[in-house]
Each structure stands twice: as C-alpha cells, then as structure tokens.
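Two forms of a single protein chain come next, each set out by itself as structure tokens; they are called structure 1 and structure 2.
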Structure 1
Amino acid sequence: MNRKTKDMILDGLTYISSGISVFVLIAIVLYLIIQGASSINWHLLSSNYNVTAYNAAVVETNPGNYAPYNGEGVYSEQYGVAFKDITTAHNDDEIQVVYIDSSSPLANMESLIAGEEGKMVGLNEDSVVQSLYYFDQSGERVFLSRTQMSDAATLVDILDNQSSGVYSINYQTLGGGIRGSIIVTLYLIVISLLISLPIGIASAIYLHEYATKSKINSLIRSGIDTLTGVPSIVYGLMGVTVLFPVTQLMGATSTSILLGGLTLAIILLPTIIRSTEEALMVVPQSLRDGSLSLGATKSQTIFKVVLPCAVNGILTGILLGIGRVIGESAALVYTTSTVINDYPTLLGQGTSLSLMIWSIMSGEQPNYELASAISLIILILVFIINILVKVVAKRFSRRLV
C-alpha cells in the first residue's frame, strides 16, 4: 500500500470518529424530541404532578343551550361536555374532559368532600372522571363505576341515552405536571448561587490577587482543584452528614430543599472560583498599578477597579453554575429526597427537574414520555446557557482588544 492511501485511511478514521460523536448527539436530541416533544405544553408546565380528587353534586339539573362543538373527543349533547380516552403521566387509562360548556350543569357543582361542603367546583379540561351517580329514565339513582363506563364513547352514550340527570361525580385532576419541580429548581439555583458566589469570588480574589508562592497557598489551591474530581454522589453523602445539622438549626426536620441548595453551593465552588480567576487573569496589571499609585488601598482597587473588569468571568460562573444546578441529580437524591412535591417550601422536600426524571425513571413503571419531555426541557435550557456563555466570552474579548 502506498503512502497516499495509508494517509487517506488514517485521515478518514478521524472523520469517522468525529462522525460518531455527531451521530450520538443527534440521536439523543432526536430520541427526546420523538418521545417527549408532544407532551410539552402549557398543562405540563403549569399543573401539579400529583392528582387531587373531587366529589361534587350537581345543583342545576335543567340542560342548558350549548354552543355547538366540533372538536376532538366524544361530545355529550345533553350535558355540553366532551370526553376522550387518555393514558396519564401516572400510567393510568382515564377518561379526560376535553371540552366543557360554561353553562353545563357539570361545570357548576357543589363539593361533597367533608370540610368543604357547598364549595363551588366543576369539571374542567384538567379533569378525569372516576365514577358518577346518575338518574335513569324512571328517576332511579344508578351508580356508574370507572370500569362500567369503560371508555369515553360508552360514558357519553349512557349520559345522553340512558340518564335523565346526573346526581354527583367523582373526578380528579389530570396530574403529571412539573410546576412544583420548576419551583424547586429555581429555589436551588437561588440558594446555591447566593452562598457560592461570595465565597467563590472571595477565594478567587485571594488566590489571584493575594496569594504568594508558598506551601500553604499551593495546598489551598490543590484542595480546591481536588473538589472538581469528587463525584457528585459523594457530595450528597457529605451534605446529609455535615450540612444537615446546619439546616436543623434553621428548623428542618428532614432532608430539604435548603439542604440540597447548600450542597449544590459547595459543588459550584470550583466552577465559580475558576471562572472568576480566569477573568482576573486578563485584567491588565497596569490598571491595578494605576489605582494603587493614585493612593487607593488594595481592597479599594479590587472592588472598584479589578472586579468590575472581571464581571464577565463572574457572569460565566453564574451561567455555568445554573447549568450545573439544573442538571444535578445524584447529590440531590440524598439531600432533597425523591418525593415529587407540588407545593415546595424551603424546609420541605421536593425534586428538581433532573431529580424528578430520576424519580420517574426509578419507579415501578417508568414513564418515558414524561421523562423525555422533562429531559428535552432541560436540554434546551442547558444549550441556551451554553450559547450565552459563548456570547459573554465573545463580547468581553472584543472589549479588551
């Protein structure tokens, strides 16, 4: 084989290798889009994951005049409501309300649940029907269970052709939303950055502006560098042993979002320190000298001259930190628990978006659609952050040059 062919084969190998990585990235994105894109809608973002059950009695029994409906689902003309068959995020087959006329008797009912009797509730597009009592043609009250109504068409058939009125309905919310997890993720971002930023920036300032070449300083540096290599699950173990007592002082009784935030703050430290330090490195020495020779003290120089020039590095650190918090899961399994909480509080448990994926995937029946939908959202966020980091870096380099 001559030299040229050999070279071509070797070069070709590098092309193939690069092709493999492109292929993997495309495969991941495509898979998530195919599996999850259809589940991403306003309902997913705005509603609860867990379901709430309702039991309500019909007050108004006279059928009203409804606007004609030609949308999806099976429409009940007598009650002005349309149903369709769905599989929920919890992997249950349910009959969901897809449309309800505002004058429908089922849209304005009184709650029968103990403690909130008389409260006005009603079916809406977020409801799935569980069971109901209806009056048959002779006025007899009949119970219709979830198994008896089998599907949307059967339910509508019974309502329109066999009933003279509905007495009460058992229904629940659809569930499967990620609102709670979005809130937890925001909580975690704020807490971790609030703690990590001052410590990280101060450490970076010390390392770059103050530290002389000494054994202790190189020890400090290698300590911080080693943090980068610690697996995130080990951070989780540390958080629950070392930081849990700290959150207990603030009133936490179990693992909590606060504990997760504190743990993440330590995880972010090396990132914040490195990006701040890299920005400090490019601040010209002449600026420092100028400020010092004008009589400013060293700390004045740092706060008023050096740090404003290094603001892009801090911004990069914040962006990278947000990305890390959004993606982190292993450390949070131990520190915030894997209970999906729709109404998170600082000292309560909950899952971030990533942890929610883990929680769904490690359950008995993993729901790939929901997990892929959340993954897709996370991926989009992380890619946006990636682009923002580049924009920050580009703008800055232009300014200095």
Structure 2
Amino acid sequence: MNRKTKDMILDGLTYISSGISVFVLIAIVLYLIIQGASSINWHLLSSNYNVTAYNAAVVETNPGNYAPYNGEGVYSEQYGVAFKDITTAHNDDEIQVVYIDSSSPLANMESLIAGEEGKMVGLNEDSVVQSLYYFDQSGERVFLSRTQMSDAATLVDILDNQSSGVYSINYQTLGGGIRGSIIVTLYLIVISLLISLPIGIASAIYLHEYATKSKINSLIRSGIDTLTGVPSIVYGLMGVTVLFPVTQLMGATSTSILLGGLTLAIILLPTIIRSTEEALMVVPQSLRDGSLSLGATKSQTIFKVVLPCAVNGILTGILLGIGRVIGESAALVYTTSTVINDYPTLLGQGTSLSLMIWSIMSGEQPNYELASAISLIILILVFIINILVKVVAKRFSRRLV
C-alpha cells in the first residue's frame, strides 16, 4: 500500500468520525428542541415548581360594573373574570385565570383551609380552577367538579347563565416552574468558583513557575491528574462526611446548597489547576526572560506579563468549570438533597437544574417534555456563558496588543 492510499484512508476515517460526531450532536439538539421547545415559556422560568392549593368562600356577591375586557380567554361578565384552556408542563389540561377585575367577588374571599380560616385570599392571574360550589337559579347549592367544567367556555357558560352566585371555589397555583432550581444552580456556580478559582490558579502558578523538579512535586501532579478521574459520587460522599461539619459551624442543620458548593469547588480544583498550568506553559519563556532582564521581580513578571498572556487558557478552564457545575448531579444527591425547593437559601436544601431532571425522570411517571425543556435551557445557558467568556478573552487580547 503506497503512501497516497494510506493518506486517503486516514483522511476518510477522519471525515467519517467527524461526520458521526456532528450527526450525533445535531440529533441530540434536535430531539431536545422537538420534545422541549414548546414547554419553554416565561412561566416555566419564573414560577414555582410546587403547587399551593386554596379553598375559599365568597364573602359578598358584588354585581358591580366591571371594566371592559377584550383580552384573551373566555370572559365572565357576571363575575369579571376571564379563563382560558392550557396544557401544563406536566401535560395536564387545566382552566387558568388570565384576568380578574379587582372588584370581582372572586378576588376577595376568605380561606376555608384549617388553620387559615378567615384569611383574605382571592383568585389571581395564573390561578388554576379545580372545583367550586355555586347557587343555581332556585338558590340550591351545586357542586361543579373539574370534569364537569370540561373547558373554559363551559365554566363561563355555567357561571353566567346557570348560577345566581358562587359559594366557594377550590383553586391552586399553576406550578411546574423551575425558578428555584435556576437560583440553586447560580448559587452553586458562584460558591464553587469563588473558592476553586483563587486556590486553583495559585496552585498552578506554584507548580509551573516556582516548584522545582522533585519527587514530591511529581507526586502532586500525579495526584491532581488522578483526582480528575475520580467519580463525582465519591466526592459527594466525601462532602457529606468531611465538609458537613464545616457547614454545621455556619448554621446548617442538614445537607445544604453551601455544602454542595463546597463539594463542587473541590471537584473543580483539578480541572482549573491543569487548564491554568497548560495555559502558563504556552507563554513563551522569552517574555519571562525579557521582563526579568528589565529589572522586574519574579512576582511582577508572573502577574503583569505571564498571567495576562495566559488569560485565554484560564478563561477556558473557568468555562469548563462552569459547565461541570451546571451538569453535575451525582455529587449533589448527597450534598444538596433531591428536594425541589422554590425558595432556596444557602443553608437550605435545593436542587440544581441537572438534579431536577433526575428528580423528574426518576418518578413513577417520567416527564420527557419537561426534562427535555430543562436540558435545552441548560444548553442555552452554557452557550451564553461560552459567548461571554469569549468576549472577555477578546477584550484581554486587544489590551495586550
């Protein structure tokens, strides 16, 4: 076999491998778009995941004149409220409130829930109606279930044409949002980077700029490379046993977001150290020699010459770290818990976006659409961070030029 044939075979294998990789990546992205793009909306990003239920009694039937309404949905002129049919992120068909007049009797009601009797509550936009009791034309109280409502048009027809008043209504918030998980993910990114970046960059500077060739330093490098390949679930167990007492001193009583952030910081250290050290290796030795020959100290040379030249590689390490934090789940099962918390705090439990996908898919009825939507959001988030890192890197490069 001659050289030309070998080159053609090698080129062909390269093209085939590249084509397969691109095809697989495109197929994954297309699947996520087809399955989850329709579920992505402002409600998904801004609302709570858990549902809050209400049962309230109408205080006073107010037949007053309501402001004209020409918006979406089906409008009840008798009660000043508009409804529309929706399909939730969990593929449930619901009747949602899209508008309610402030003087509507359904906007000012008293809670019937035990322990909250007499508390003033009311329908608001995005509320979902489950059932209600109404008075018919003869004054008899009639129960209307969610099945009997059928849809928004049927509900409004009953309210306007068959009822003389509403006695009580059972409704709930829409739920299904990922706002809490987005906040937890941002918490984890900030905590882990604040701890791992200074330690990781300083360690890389020592290993490459100050450390001499010795067995101890070789063992340190070997240890760092070994830690890079340790399964993240092992880090999770380490976090629970070693770092949990640290978070207890800060006021945490159980697993927490802070514990998860500390664990992720340790997970990121090997990646940041290696990427920073490789970036320092790329900087020509002549720049160091030139700076030292002009009278600069070694520390001045490192921080004013070497590090600015290596900033692109350092930012790449930061990007890899952020991607690792966003995609991590195994270590967080033990450190932050699997509880989906809509109001997360540093010392409280919560789930990141990736861990929320695990929670959704591990239930009795996996929700592929919602899991795909969250996966697509993660890809978009990583893409945006990638662009921001590249913009920052270009600005640093322009300053150096």
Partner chain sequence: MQIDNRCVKRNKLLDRIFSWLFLAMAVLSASFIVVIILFVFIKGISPFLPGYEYGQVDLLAFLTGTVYRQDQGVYGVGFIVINTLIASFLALLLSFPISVLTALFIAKIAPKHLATGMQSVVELLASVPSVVYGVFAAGVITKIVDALATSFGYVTYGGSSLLAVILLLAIMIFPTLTSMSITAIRAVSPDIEQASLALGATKTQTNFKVVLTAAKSGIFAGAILGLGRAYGEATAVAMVAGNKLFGPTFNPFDITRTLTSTMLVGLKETTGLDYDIRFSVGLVLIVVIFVSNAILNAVKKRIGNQV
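One-based numbering along structure 1's sequence throughout. Rigid core: the largest C-alpha set superposing within 1.5 Å between the two forms. Computed from a predicted structure; not experimentally measured.
Quiz item: Which depiction, structure 1 or structure 2, is to be taken as the form predicted on its own?
Solution: It is structure 2; that copy is the form predicted on its own.
Exercise. For residue 30, state whether the C-alpha moves by 2 Å or more between the two structures after rigid core superposition.
Key: The answer is yes, as the C-alpha of residue 30 shifts between the two structures by 2 Å or more after core alignment.
Quiz item: After the core is overlaid between the two structures, has the C-alpha of residue 227 moved by 2 angstroms or more?
Solution: It does not, since the residue 227 C-alpha is displaced less than 2 Å between the two structures after the core fit.
Exercise. Would you tell me if residue 71 moves between the two structures by 2 Å or more at its C-alpha, with the rigid core held superposed?
Key: The answer is yes; the displacement is at least 2 Å.
Quiz item: Rigid core superposed, residue 7 Cα shift between the two structures in Å?
Solution: Superposing on the rigid core gives a C-alpha shift of 12.3 Å for residue 7.
Quiz item: Once the two forms are fitted on their rigid core, how many angstrom does the CA of residue 18 move between the two structures?
Solution: The shift comes out to 6.4 Å.
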